[in-house]
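Listed next as structure tokens is one chain, alone, in the form predicted alone.
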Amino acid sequence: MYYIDPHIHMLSRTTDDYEALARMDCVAVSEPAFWPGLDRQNSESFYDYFRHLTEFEPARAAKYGIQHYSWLCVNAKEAENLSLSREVLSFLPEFLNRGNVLGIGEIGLNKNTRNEAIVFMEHKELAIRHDQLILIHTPHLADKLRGTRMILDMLCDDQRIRRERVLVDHAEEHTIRPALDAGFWVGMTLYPTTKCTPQRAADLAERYGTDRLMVNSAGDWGPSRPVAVRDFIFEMRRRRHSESTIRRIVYDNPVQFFSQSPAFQAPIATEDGPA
């Protein structure tokens, strides 16, 4: 079965991982801007990072027959620095028309601070002004529920936000329902030890259905599996779910959401998957 990984940080992966993804029938990936392992000290570092995501990484993926898309922002972990964040936001729009950019993301909260919320709101304004999709990072476990509620409140309080154009990621058992009930798309991140395992994600899919639901690997610097979406497919097959049900979560839903961006070109689909 062909699939799309809607959230994977290929900057932190080797070309061997691209080959593994291709062998597992991954046909497209989307890579949100994220924390590189240490806080950046100047806006030029972000400028070069955005060039990497929009120039180098798509070419690297193409060698393995994989479409590469990206999202741009100042991530929540570095958003505490207001002056730096605003410098980056001042030039970020020049990258939004690059051919592989889907929108603004992953934005959200890390420790649920005042500065993080300010930068989140300024990203939101940028997305509205430039008619961009939004990809949301919800905090890690200790602050996840409170942070998710704060993010949903900031989004729902703004009538200009089109909820079908927002993906709330890293959802777990205690945060998935509020995001779905509010009308947003939801992503579940498949980590070996934190966030959602393939088994827990399958449980949630069985409980909440397939509408507006996606799974991703994140595939970042820490313990993670770039082929975790394939693990989810195997788990769903083990539970005797139909191929059409599985395909909706791992291929059809990402295509439906991403197609709201003019930058996205869906792989050509046949009855069994993209050609």
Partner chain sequence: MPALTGPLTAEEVLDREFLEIRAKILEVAAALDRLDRASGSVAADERRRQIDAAIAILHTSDPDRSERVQRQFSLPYLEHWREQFQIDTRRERQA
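Residue numbers count along the first chain shown, from 1. Keep in mind that what you see is a predicted model, and the values were worked out from it rather than measured.
The protein also exists as the form predicted together with its partner chain; that form is not presented, and the subsequent description refers to it.
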Triplet 180, 210 and 238 all within 4.5 Å of its partner chain in the predicted complex via a heavy atom
yes
In the predicted complex, the one of 98, 77, 130, 146 near its partner chain [non-hydrogen atom within 4.5 angstroms]
146
Selected contact from 84, 126, 92, 117, since only one has a non-hydrogen atom within 4.5 angstroms of its partner chain in the predicted complex
117
Can you tell me if residue 165 lies within 4.5 angstroms of its partner chain in the predicted complex, counting non-hydrogen atoms only?
no
In the predicted complex, is there a heavy atom of its partner chain that lies within 4.5 Å of any heavy atom of residue 39, even though the partner is absent here?
no
Using a 4.5 angstroms cut-off on non-hydrogen atoms, would residue 243 count as touching its partner chain in the predicted complex?
no
Residue-level contact is defined here as any heavy atom of the residue lying within 4.5 Å of its partner chain in the predicted complex; does residue 159 satisfy this criterion?
yes
Based on heavy atom distances of at most 4.5 Å to its partner chain in the predicted complex, which listed stretch, 67-75, 201-209, 130-138, 98-106, is the contact stretch?
201-209
For the stretch 148-175, I need every residue with any heavy atom inside 4.5 Å of its partner chain in the predicted complex, listed N to C.
149, 150, 153, 154, 157, 158, 159, 160, 172, 173, 174
